[in-house]
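Shown next as structure tokens: one chain only, the form predicted on its own.
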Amino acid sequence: MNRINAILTWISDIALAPVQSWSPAVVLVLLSVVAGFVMTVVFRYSSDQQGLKRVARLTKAQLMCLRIFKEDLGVALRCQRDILKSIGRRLWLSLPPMAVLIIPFLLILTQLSLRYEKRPIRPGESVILAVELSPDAWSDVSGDVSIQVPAGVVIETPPLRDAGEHTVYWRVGLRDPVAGQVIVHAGFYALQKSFVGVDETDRLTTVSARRPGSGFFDRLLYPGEPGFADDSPVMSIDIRYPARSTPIFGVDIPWWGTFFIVSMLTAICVRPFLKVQF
């Protein structure tokens, strides 16, 4: 998974390089439009379009029957039963394209989260850095954990050790813009975690908030850096960056909400031109 994440992140960085200076909200909308168009094309060629069209025609006929015979309880109930069957049939026919789309879209969302979930900190701001140790290593290593920060970053507090969470915390502040590595010393290990601080946070910037552990889903959800090995005393390193805000027309909704809404609207708009039946 580490290699796959590295390749996808590299491809994403190259693809987004031309729009790096654009407004993050504008880039998000454009990416959502492209995703909605691609989703529609893939759905058309990976689904049973003839079957979906037959179910759509049948559903319209059943709705018309329900409207005409709404005063006949027996007929109305049978129409409602048939409508539910048609809905189930449509969902069943939609499963193959959904299976084709789910993995690529999940990988796209995890890459977008690197750019939209968090923002870098600015000079004068502080963040919490958390190093989670494995339960087996806590008693031996917790007292020998320290960090080394890049120039421009200041360690503001001594380490706070939480035995219940097996985690050591620091508060670090940014004095000057920097893009470097925090080095975590844990026993005989020296492990790195990326750190980003900039003057201007309104540009699209890759922000890896967490270096994950060895678990598959941990690495899948946090693809910005390689996960730790199974035998590492450190399970994860987190930097609690501020959340990024990407308001659309003055409405500040989560970036993933914008992505799904815009991509779905795009799919609905291009459906007649591509002659796709959902």
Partner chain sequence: MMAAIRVTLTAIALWALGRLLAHETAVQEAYIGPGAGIALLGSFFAVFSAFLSAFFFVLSWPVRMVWRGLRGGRPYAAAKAKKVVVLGLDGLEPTLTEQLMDAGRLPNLAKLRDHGVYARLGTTCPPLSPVAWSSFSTGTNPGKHNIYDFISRHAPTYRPTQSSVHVRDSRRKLKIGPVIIPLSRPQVCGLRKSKPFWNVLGESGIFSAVLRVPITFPPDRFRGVQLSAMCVPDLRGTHGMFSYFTENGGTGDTTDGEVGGDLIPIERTGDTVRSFLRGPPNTLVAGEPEMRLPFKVTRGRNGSATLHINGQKVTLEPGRYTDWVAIHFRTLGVIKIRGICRFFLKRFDSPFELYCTPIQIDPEKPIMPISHPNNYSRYLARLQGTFSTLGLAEDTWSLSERRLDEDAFLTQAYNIHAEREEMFFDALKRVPRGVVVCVFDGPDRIQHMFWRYIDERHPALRNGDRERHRNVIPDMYEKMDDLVGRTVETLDDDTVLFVMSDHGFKPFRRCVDLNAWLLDNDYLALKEGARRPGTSYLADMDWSRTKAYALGLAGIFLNVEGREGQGIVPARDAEALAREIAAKLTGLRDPENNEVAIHEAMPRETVYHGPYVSSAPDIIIGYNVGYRISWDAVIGKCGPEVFCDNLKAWSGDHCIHPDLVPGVLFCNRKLDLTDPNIIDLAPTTLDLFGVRKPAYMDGKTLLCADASN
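Residue numbers count along the first chain shown, from 1. Here the structure is a predicted model, which means the values were calculated and not measured.
Below, we turn to the form predicted together with the partner chain, even though it does not appear here.
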Practice prompt. Spell out, yes or no, whether the shortest heavy atom distance between residue 80 and the partner chain in the predicted bound form is within 4.5 Å.
Written response: yes
Discussion item. I'd like to know whether residue 94 contacts the partner chain in the predicted bound form, with contact meaning heavy atoms within 4.5 angstroms.
Written reply: yes
Worksheet item: Quick one: is residue 235 in contact with the partner chain in the predicted bound form, heavy atoms, 4.5 Å cut-off?
Response: no
Worksheet item: Taking heavy atoms and a 4.5 Å cut-off, does residue 122 contact the partner chain in the predicted bound form?
Response: no
Response to the item:
For the partner chain in the predicted bound form, the stretch among 95 to 103, 137 to 145, 184 to 192, 167 to 175 with residues bearing a heavy atom within 4.5 Å is 95 to 103
Worksheet entry | Proximity to the partner chain in the predicted bound form, single hit among 109, 179, 128, 155 (heavy atom within 4.5 Å) | 109
Discussion item. Exactly one residue in 151, 163, 87, 160 has a non-hydrogen atom within 4.5 Å of the partner chain in the predicted bound form; which is it?
Written reply: 87
Item to complete: Give, in sequence order, every residue of 116 to 144 that has a heavy atom within 4.5 Å of the partner chain in the predicted bound form, or say none if there are no such residues.
Response: 117
